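Form predicted on its own, single chain, as structure tokens, below.
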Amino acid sequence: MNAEIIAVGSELLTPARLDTNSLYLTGQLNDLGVEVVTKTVVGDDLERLAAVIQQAVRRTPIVLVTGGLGPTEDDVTREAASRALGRPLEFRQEICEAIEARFARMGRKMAEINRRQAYVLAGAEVLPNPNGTAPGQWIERDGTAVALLPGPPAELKPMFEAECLPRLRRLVPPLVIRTRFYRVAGMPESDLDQLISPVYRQYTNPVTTILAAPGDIQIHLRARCTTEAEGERLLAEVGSQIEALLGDRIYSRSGEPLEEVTGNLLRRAGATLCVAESCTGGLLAERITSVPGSSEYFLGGFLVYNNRMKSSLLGVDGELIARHGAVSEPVAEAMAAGARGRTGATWAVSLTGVAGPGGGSENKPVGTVVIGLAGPKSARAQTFRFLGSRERVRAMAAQTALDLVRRALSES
């Protein structure tokens, strides 16, 4: 079975408030084997909300509506659901009395507007709310279940677990959702999709989703089956073909970021790492040290934005810089070798480049980055060209540097 989630509230359409309820509900539904196929955020507008609910119940067997059950005039979920489902609202005296008693326990008198929360759709089951004044509502009709749930997470979560989950377990056939999660570095999204799409297009189950960030592609495989064994079999069938095509470009099979994977390789090898950064200005070191326990393998680094600092801190020959330029493979190699020599690290990685938006030339346009790597046997450098904003160039440079260290460790 599939589900839709409708989050209600004009504040959710501003940059100041996130809809975290939908994430929680998606996780709960997935645990039941229910796939969330649509999420909608609607402001406090009666006509729009009624239209959205009406469309949802026509196409999806489970519809969860969150928010808009408060006492004020802009809380329009009850009225919108009434219009969408063609059910009148009925006043329930027992609900009103329960709300009055709640206020009395707090030493307060219930405001008249709280009476609005005692209106329930005809035929709806009331979902008790011990943590607030807004009761939820559960409506089933023509094979579709609709739940109206309060917006505050402290009210929604207990209500969903106590009231909605038992009802959903009765309705939902036994299904499980199993996932497999690959992360890939060093490959453009279009090239990756061209390579693996002949595999995943053969399958409607599992479903394949590809997500891209600078230098980091995620492949999600999602199987929905009657048993865990069947789900794992399908994932293995598709995943093994994808793994064979991508090879060592896959750096994670369980979702860890590249800095964590690289750190684990350093730890297992008993190796240490240092960095020498110019164009990234500390971004690489920040990523490495974001991993708890990174002090076991990361010794430190050098920020050498200025050519004089490259010479004084890392020992890069000034004539080398004058001859080749700061953004060059000989200088990047010397930076890495100098950092390794001064710290005693097993590995050192260096970055120098033109992050932009200015500073580029015909031979070294904006986005040119040179990464050096020095290890126990040798030092080398490689030139890359990244496109996009200054932030993207820097992010791609740090990601690529980490991947070079990862590959070197895997090969050593």
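Position 1 is the first residue in the sequence shown; the rest follow in order. The term rigid core refers to the most C-alpha atoms you can superpose between the two forms while keeping them within 1.5 Å. Keep in mind that this is a model prediction, so the values were computed, not measured.
The next section is about a form of this same protein that is not shown, the form predicted together with another copy of the chain.
Student: Of these, 255, 158, 300, 325, which has a heavy atom no more than 4.5 Å from another copy of the chain in the model of the complex?
Tutor: Looking at 255, 158, 300, 325 one by one, just 300 meets the 4.5 Å heavy-atom criterion.
Student: Could you tell me which one of 78, 342, 116, 249 places a heavy atom within 4.5 Å of another copy of the chain in the model of the complex?
Tutor: When another copy of the chain is considered in the model of the complex, the option within 4.5 Å is 342.
Student: Report whether the minimum heavy atom distance between residue 46 and another copy of the chain in the model of the complex is within 4.5 Å.
Tutor: No, no contact at 4.5 Å.
Student: Even though the partner isn't displayed, in the model of the complex is residue 374 close enough to another copy of the chain, meaning a heavy atom within 4.5 Å?
Tutor: Judged by the heavy-atom cut-off of 4.5 Å, residue 374 is well away from another copy of the chain in the model of the complex.
Student: Taking heavy atoms only, is residue 309 within 4.5 angstroms of another copy of the chain in the model of the complex?
Tutor: Residue-level check for residue 309: yes, a contact with another copy of the chain.
Student: Although another copy of the chain is absent from this view, report whether residue 389 comes within 4.5 Å of it in the model of the complex, heavy atoms only.
Tutor: Looking in the model of the complex, residue contacts with another copy of the chain do not include residue 389, since no heavy atom lies within 4.5 Å.
Student: Where, among 38 to 46, 378 to 386, 359 to 367, 65 to 73, do residues come within 4.5 Å of another copy of the chain in the model of the complex by heavy atom distance?
Tutor: Result for this chain: 38 to 46.
Student: Each of 192, 221 and 331 having a non-hydrogen atom within 4.5 Å of another copy of the chain in the model of the complex: is that the case here?
Tutor: Spot residues vs another copy of the chain: no contact at all.
Student: Could you list the residues in 20 to 39 that come within 4.5 Å of another copy of the chain in the model of the complex, counting only heavy atoms and keeping sequence order?
Tutor: 20, 22, 23, 26, 27, 30, 36, 37, 38, 39 sit within 4.5 Å of the partner.
Student: Quick check: residue 19 between this form and the one not shown - does its CA shift reach 2 Å or more after fitting the rigid core?
Tutor: Yes, residue 19 moves 2 Å or more.
Student: Once you overlay the rigid core, does the Cα of residue 61 travel 2 Å or further between this form and the one not shown?
Tutor: Yes, the C-alpha position differs by at least 2 Å between this form and the one not shown.
Student: Compared with this form, is the residue 197-residue 38 Cα separation smaller or larger in the model of the complex, the difference being 3 Å or more?
Tutor: Farther, not closer.
Student: Relative to what is shown, are the Cα atoms of residue 210 and residue 27 closer or farther apart in the model of the complex, where the gap shifts by 3 Å or more?
Tutor: Their C-alpha distance shrinks by at least 3 Å in the model of the complex.
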